[in-house]
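Here you get one chain, nothing else, as structure tokens; it is the form predicted alone.
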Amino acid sequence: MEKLIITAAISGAEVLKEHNPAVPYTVEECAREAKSAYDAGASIIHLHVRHDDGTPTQDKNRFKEVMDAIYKVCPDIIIQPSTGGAVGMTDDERLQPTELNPEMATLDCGTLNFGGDEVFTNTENTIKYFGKRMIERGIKPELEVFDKSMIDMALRLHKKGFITNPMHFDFVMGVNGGITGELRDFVFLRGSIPAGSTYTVAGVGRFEFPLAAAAIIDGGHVRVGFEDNVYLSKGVLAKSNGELVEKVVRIAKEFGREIATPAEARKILGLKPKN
């Protein structure tokens, strides 16, 4: 079985310090949280950025500032900027971090009702536009899917040349408006991707660690972090993203699964070695 790739989604665009005081906003806080996750065993940092007041932004200059600070303390880490941005942003606004030519970036494969009047819009043309941009720039997309229909969309656009092999999926499970995080749902999504693909599971809230265990046993990969869940256990706030990663490492060791270094993660995902 391949070694386990752990992704740390250190901040997200919605979670606030009111939810957990350790949620990072500033450049220095983002570097601190990335380092805590890296030291614990994460090989990928899934990155949203904020202004210092916590307002989400897709400004490429802010992304560069945060990425440079993370690379300074984690030189070989894989940084995966989000192109999701926040509800209401334009496609070009969301795509700004791809101008920095990261190794990976997210590509959301469908529209989702986040709750109330909030709709996270990803039309077919948006997905094509993002896919084409990533092919042009040599960026590996992480195909974020919140439901089975989004896997179907990714496979259809793969046939049309907007997404290339080998495909890497991220099953985001337990989000309002998307698929729930029950084991039967994980099995359904897992059985829906083609042979030769890789996947990561991001369980939201209480689903985070049960789904992490399922992915570890199955040979998949795991995402944890403050974007998805701010608790180490019921009612106990995590002190850092690193604490969440440490818990995944402990679960993996119980099942005899070794943890991938960034170099090993690049090999598993088909990325070029870092110079």
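Note that residue numbering begins at 1 and tracks the sequence as displayed. Just so we're clear, the structure is a prediction, and the values are computed from it rather than from any experiment.
Another form, the form predicted in complex with a small molecule, is not on view; read the next lines as being about it.
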query: Residue stretch of 232-240, 23-31, 208-216, 46-54 approaching the small molecule in the predicted complex, non-hydrogen atom distance within 4.5 Å; finding: 46-54
query: Triple contact flag Glu2, Val222 and Glu246 to the small molecule in the predicted complex, non-hydrogen atom at 4.5 angstroms; finding: no
query: Residue (of Phe188, Tyr71, Phe114, Tyr129) lying close to the small molecule in the predicted complex, criterion heavy atoms within 4.5 Å; finding: Phe114
query: Residue contact check: Thr106 to the small molecule in the predicted complex, 4.5 Å heavy atom; finding: yes
query: Contact label in the predicted complex: Phe162 to the small molecule, heavy atom within 4.5 Å; finding: no
query: In the predicted complex, Phe169 touching the small molecule (heavy atom, 4.5 Å); finding: no
query: Close approach of Tyr199 to the small molecule in the predicted complex, 4.5 Å, heavy atom; finding: no
